[in-house]
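Listed next as structure tokens is one chain, alone, in the form predicted on its own.
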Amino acid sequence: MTAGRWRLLGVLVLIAVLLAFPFFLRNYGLNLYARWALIAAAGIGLNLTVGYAGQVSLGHAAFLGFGAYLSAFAIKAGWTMWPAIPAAALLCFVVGLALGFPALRVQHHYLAFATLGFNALVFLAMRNEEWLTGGNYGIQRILRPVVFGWSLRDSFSYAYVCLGVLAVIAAIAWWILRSPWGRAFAALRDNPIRAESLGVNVRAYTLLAFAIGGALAGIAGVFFAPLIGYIDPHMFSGLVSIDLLLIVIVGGSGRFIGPLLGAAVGVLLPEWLRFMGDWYLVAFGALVLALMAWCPTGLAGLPERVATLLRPAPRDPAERAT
């Protein structure tokens, strides 16, 4: 069987497992599963910016917050959440374009601080503008929608809605990465000077990397608010942006399946470790450190790491000569 067929078989098995998994979960597990799907969807957007285009960003939680607040505003106004989807995508795309401008001037840790400052500015606006966002009290009773008479307010139905959101965002990202845009992003990440010499518009693709990644996170945020039923500014602070970046790196930066694996570590692993009581975060940090020390390419790079360890070491030339 060729590598392409093995890859297709793996994708089909993954889809089957994801579709079947909710049948074995109860209410809390279903909500956790839906949260994993939306965080993975937001991680796909960040992976496009960081992993494929090579632009460091610590402001991604702000885009998730834009989508969540737009969804909450729409529901509180008596509408449904659906108009918030294009509104969030457009708003986050435009804001992402603006956020990309510092990347034209600075790189690496300087860019990380610039994007973190953007996230801090958004967080302060959400916290202080109480007339709009509710401030620290947040917005409560964000109800899940009803579609053609079918209520999505039970956890089982909404888990599949969030899984569908993940599938759509993954399909969009897959199409982008297979297009000339994806090749331009890879060239921008590997060597911007060489990419520019080959005719790649470095300025345009740098801005697009932030804009598209932000738009995908904004769409995920629209569905995040009804999932939780309550939002406040602390859900979209700089620490959450760091968590999203951790998810991308632990899963495998620049690898398509990386955000799905990283979200499982960032969302599900802390819950599984709660039996350790107050030590569960210590155990979580130790496991992440051990993983990154042993496999710096993340979970998606584990097969390659294992294959490298199992591959026989080349014999010494002097030994072969004897």
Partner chain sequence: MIDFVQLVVSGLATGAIYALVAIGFALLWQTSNAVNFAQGEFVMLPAFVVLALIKAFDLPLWLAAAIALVVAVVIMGGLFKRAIVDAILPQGAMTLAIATIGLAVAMKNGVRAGYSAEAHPFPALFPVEPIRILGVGFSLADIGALVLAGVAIGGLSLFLAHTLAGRQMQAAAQNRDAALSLGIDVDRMALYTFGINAALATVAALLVTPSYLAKFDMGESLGLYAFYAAIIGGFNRVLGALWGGLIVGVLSNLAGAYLSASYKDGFVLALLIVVILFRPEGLFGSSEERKV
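Here the structure is a predicted model, which means the values were calculated and not measured. Heads up, when I say rigid core I mean the largest set of C-alphas that superpose within 1.5 Å between the two forms. Positions refer to the first chain, counted from 1.
Beyond what is shown, the protein has a form predicted in complex with its partner chain; the following relates to that form.
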Heavy atom contact within 4.5 Å of its partner chain in the predicted complex, the stretch among 259-267, 38-46, 25-33, 287-295: 287-295
Heavy atom distance at most 4.5 Å to its partner chain in the predicted complex, all of Gly117, Leu245 and Ile249: yes
Candidate from Leu132, Val94, Leu143, Ala125 lying within 4.5 Å of its partner chain in the predicted complex - any heavy atom: Ala125
Single option in Leu121, Val147, Ala204, Ala171 placed near its partner chain in the predicted complex, where near means a heavy atom within 4.5 Å: Leu121
Any non-hydrogen atom of Ala112 within 4.5 angstroms of its partner chain in the predicted complex: yes
Heavy atom of Ala77 within 4.5 Å of its partner chain in the predicted complex: no
4.5 Å heavy atom contact, Phe101 to its partner chain in the predicted complex: yes
Contact test in the predicted complex: Ser197 vs its partner chain, heavy atoms, 4.5 Å: no
Is_shifted Val265 between this form and the one not shown (CA, 2 Å cut-off, rigid core): no
CA of Ala283, rigid core aligned, shift of 2 Å or more between this form and the one not shown: yes
Exceeds or equals 2 Å, Cα of Trp294 between this form and the one not shown, core fit: yes
Sense of the change in Cα distance from Met292 to Gly29 in the predicted complex - at least 3 Å versus the shown form: farther
